[in-house]
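Shown here is one chain on its own, the form predicted on its own, set out as structure tokens.
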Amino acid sequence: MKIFIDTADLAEIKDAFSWGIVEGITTNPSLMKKAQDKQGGTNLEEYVKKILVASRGTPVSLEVLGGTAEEMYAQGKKLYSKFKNYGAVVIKIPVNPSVDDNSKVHYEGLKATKMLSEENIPVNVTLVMTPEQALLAAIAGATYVSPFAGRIDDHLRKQRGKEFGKLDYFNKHGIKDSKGNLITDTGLVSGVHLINSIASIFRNYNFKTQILAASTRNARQVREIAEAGAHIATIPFPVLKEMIHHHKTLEGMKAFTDDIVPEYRKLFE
């Protein structure tokens, strides 16, 4: 499984890439604005170019803002044309851009994905919450689909109410409410289950679309996403740092260091 970093903070990007394990970046308008403000209001276009240069040629997802297929297609082409010479631009399209039950725009994200993919512009279909949405995105030609594992967990957690806190975490067998009923969302028992279901469907039909697991909350969830078959996990900087730590590793290093004999040190002189 590949690891992307989910941030627009240039310092975090440079730090993470220096570790030698990051192979891409995902961003969104909120992350971009927050990072730009941190830089003292740097020109946004120049800031995006800096992110792309820092990505070292790996994929960088840039999100459109439109609500119709035509708007998203035009914005996607503009972003791709404007920044493709600075890095590997991927256009981020919502699987369903509707903000209410207006059925007229439900399929606009898929239409825009199809239009862009037919011009060989890579597309990351985002805000995927069900295997069915992922299936439609793959058929439309998406390069990546981004299922939001953490947000599905939040949604299921909310169903349970106060008995299950935000800092708690689902196991892969799901959880039950106070009456003993299994809590599900369209048959899903957790965000990791969502990833597993999509991976199974994609294997069945040999889709080339890659599963880019998003909304990762902690190191354990990253591990379970890898077990579930995601091709990529996009991970916030604090979770990336969490993945390397374990108190027994620190304890072992201290013991090894204390036990080094002078004769062994001489081997390096």
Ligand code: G3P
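One-based numbering along the sequence shown. Since the structure is predicted, the reported quantities are computational estimates derived from the model, not experimental observations.
Keep in mind the form predicted in complex with SN-glycerol-3-phosphate is missing from the figure; the text below concerns it.
Q: Since exactly one of Phe148, Tyr107, Tyr80, Tyr86 fits, which has a heavy atom within 4.5 Å of SN-glycerol-3-phosphate in the predicted complex?
A: Selected option: Phe148.
Q: Identify which of Ser55, Thr209, Ser61, Thr234 has a heavy atom within 4.5 Å of SN-glycerol-3-phosphate in the predicted complex; exactly one of them does.
A: The residue in contact is Thr234.
Q: Is there a heavy atom of Arg217 no more than 4.5 Å from a heavy atom of SN-glycerol-3-phosphate in the predicted complex?
A: Answer yes; at least one heavy atom of Arg217 falls within 4.5 Å of SN-glycerol-3-phosphate in the predicted complex.
Q: In the predicted complex, does Asn28 come within 4.5 Å of SN-glycerol-3-phosphate, counting heavy atoms only?
A: Output for Asn28 is yes: heavy atoms within 4.5 Å of SN-glycerol-3-phosphate.
Q: Looking at heavy atoms inside 4.5 Å, which stretch does SN-glycerol-3-phosphate contact in the predicted complex, given the options 225 to 233, 209 to 217, 240 to 248, 46 to 54?
A: Of the options given, it is 209 to 217.
Q: Listed by sequence position, which residues of 56 to 90 have a non-hydrogen atom within 4.5 angstroms of SN-glycerol-3-phosphate in the predicted complex?
A: Nothing in this stretch is in contact.
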